[in-house]
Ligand SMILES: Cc1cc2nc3c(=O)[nH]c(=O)nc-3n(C[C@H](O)[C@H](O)[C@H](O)COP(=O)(O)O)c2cc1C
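As structure tokens, one chain now follows by itself in the form predicted on its own.
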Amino acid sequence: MKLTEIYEKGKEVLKRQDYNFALDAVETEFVMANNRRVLDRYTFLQQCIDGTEPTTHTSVLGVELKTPVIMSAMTMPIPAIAEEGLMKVARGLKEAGSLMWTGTPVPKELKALAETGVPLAATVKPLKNRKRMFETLEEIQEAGVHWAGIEIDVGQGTKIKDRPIIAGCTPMSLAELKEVRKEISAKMIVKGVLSRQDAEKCIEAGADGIMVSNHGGHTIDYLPHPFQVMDDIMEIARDRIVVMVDGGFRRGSDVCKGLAFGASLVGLGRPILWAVAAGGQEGVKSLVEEITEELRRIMGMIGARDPQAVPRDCLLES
């Protein structure tokens, strides 16, 4: 399936399901609309002469990938969309050379997902029950994940329109984040960074990577798109910690812009849901491969030989 077909078919399938509300955003849904406005603000400076044939292969935190396009942290509502939905996503991502990232609730089949051979990350929320939070971190590491960590931006839970979704969380302190670092033997990642200040604290805590993210518009209203804070974050993060980004990315052009801002990897949330709804394992594989091919073509026209070589000055702001 081509990308437009995946999106159209997936959206149509999900419209008929009760859990389609999960694709909405908090309160006024400003975050969703702003994501697209900001992504569309940038155009590419074309540089064709003396270019090279690009590769999309990359290596990040000990994981070899065919593409910088990965799955964003997410568990629900994948099991409700398709029978053995998480396994289908895992296999599709593995075939596409991508990475799977699960969230909360931690999948019961996490070990089985790891056994598919897909590179696997898993994060937990900052539960008020810290004992349970640390127990969960231990469980996901025992399952064999490559990366483990915390979603720091869920200190007040999550919300879709006026409906609270996730509760039982509370903000983390820097001291607690340092304790998390001590308990994680895998690479430690922190998701939900949207400021230079939080990025600095993640570095101080010893994290290996951060995901710059507005959490799919499910935390608080009127958050910026990551691009609105990325330059500030990269000033202190570059060469000190791996930076990833998600937030409304839909096409290879969006991914290329994320790489230009300094991200090593770009995450997809809703597109994964549309893909598994549209075509199961094959839909997920096609999604990542189609976006990756779009990215490769653009890289070839802006003089970028690999994902690490996409320059910030290839973007023109309008």
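Residue positions are given as counts along the sequence shown, with the first one as 1. Note that the coordinates shown come from a computational prediction; the quantities given were computed from them, not determined experimentally.
The form predicted in complex with the named molecule exists for this protein as well; it is not shown, and the discussion that follows is about that form.
Among residues of the shown chain, M74 is one whose heavy atoms approach the named molecule to within 4.5 Å in the predicted bound form.
Among residues of the shown chain, P54 is not one whose heavy atoms approach the named molecule to within 4.5 Å in the predicted bound form. Although the partner is absent here, R250 sits close enough that one of its heavy atoms falls within 4.5 Å of the named molecule in the predicted bound form. At a distance threshold of 4.5 angstroms between non-hydrogen atoms, K88 is out of contact with the named molecule in the predicted bound form. Of the candidates G209, G103, G97, P126, G103 is the one whose heavy atoms come within 4.5 Å of the named molecule in the predicted bound form; the others do not.
A heavy atom within 4.5 Å of the named molecule in the predicted bound form is found for one listed residue only; from K201, R181, K187, H218, this is H218. Residue heavy atoms within 4.5 Å of the named molecule in the predicted bound form occur in exactly one stretch of 167-175, 227-235, 133-141, 75-83, and that stretch is 75-83.
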